[in-house]
Ligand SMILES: Cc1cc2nc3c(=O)[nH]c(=O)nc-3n(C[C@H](O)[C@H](O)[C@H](O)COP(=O)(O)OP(=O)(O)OC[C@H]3O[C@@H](n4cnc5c(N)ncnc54)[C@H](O)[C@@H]3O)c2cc1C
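Have a look below at one chain only, the form predicted alone, in structure tokens format.
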Amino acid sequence: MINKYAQTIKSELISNKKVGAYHHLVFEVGTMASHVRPGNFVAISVGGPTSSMVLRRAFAIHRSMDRGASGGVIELVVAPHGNGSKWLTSLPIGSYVKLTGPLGTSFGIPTEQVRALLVGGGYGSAPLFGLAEVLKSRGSRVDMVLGASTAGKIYAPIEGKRSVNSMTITTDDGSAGVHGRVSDVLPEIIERNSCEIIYSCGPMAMLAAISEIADKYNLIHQCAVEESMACGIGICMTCVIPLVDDEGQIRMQRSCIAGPVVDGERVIWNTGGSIPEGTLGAL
């Protein structure tokens, strides 16, 4: 079901700063901020009232801050790739957008202290920063791994390092940190720090590789899946992924409703975009 706290508002952009290859945006959202949890996202109408871009764009929430009577804010990290994200990142301070949130499921926070490993790819790592702060505030050990194709696409590594016990960076081209992928360094970190749970955000291929490692070490793996979402509220059916339900049945489910945060062992990975054999309703 849709996040019960979701609302649609007219939101003012109060900060727009370029950070490396990305933009860090801050929006006034009033009381919405008090209901945001790490892993939630917002859907934003882009292009303005006369635009031909009719589909909304989904953005993971980087952080939220409830400022009481002065109103709450949310922070987004946006990569200006397509027309919608380029339009959003080009907005001047004081602009207003139509924004719906918070949407989707959030990361589960253990009631007791845990040894957590947070793994992010590119700007997909943005939700992990707020999650790290929550876990640390509850006395948990937090180790973080950030990966990207090149150094310029690692989001705010210095900021991330301040909020965790250890930080490891990997790049495909070796321009920063370890030359390789995040999956290359995970086994050693898991064994050295006796990690108990993995939280991850990033490209689906990366999440699939992490799930294999989590399964090998018998670890809980909560991942925020990346699928295109045209509406964000379960209407358009563009973001379906194959998930195994409690009875062991594979069902195509909407990641904007059932996710984006899901249990990694429930996802049928590496399907190549096809419907897995045995899926309920498949021919």
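Bear in mind that the values here come from a model prediction, so they are computed numbers and not experimental data. All residue numbers are counted from 1 along the displayed sequence.
There is another form of this protein, the form predicted in complex with the named molecule, and it is not shown here; the text below is about that form.
- Contact annotation: the named molecule lies within 4.5 Å of heavy atoms from the stretch 58-66 in the predicted bound form, the single such stretch among 58-66, 25-33, 242-250, 212-220.
- By the 4.5 Å heavy atom rule, the three marked residues 123, 225 and 228 all count as contacting the named molecule in the predicted bound form.
- 79 is the sole member of 97, 79, 151, 189 with a non-hydrogen atom within 4.5 Å of the named molecule in the predicted bound form.
- Here is the short version: of 106, 171, 183, 85, the single residue with a heavy atom within 4.5 Å of the named molecule in the predicted bound form is 85.
- With a 4.5 Å cutoff on heavy atoms, residue 260 counts as touching the named molecule in the predicted bound form.
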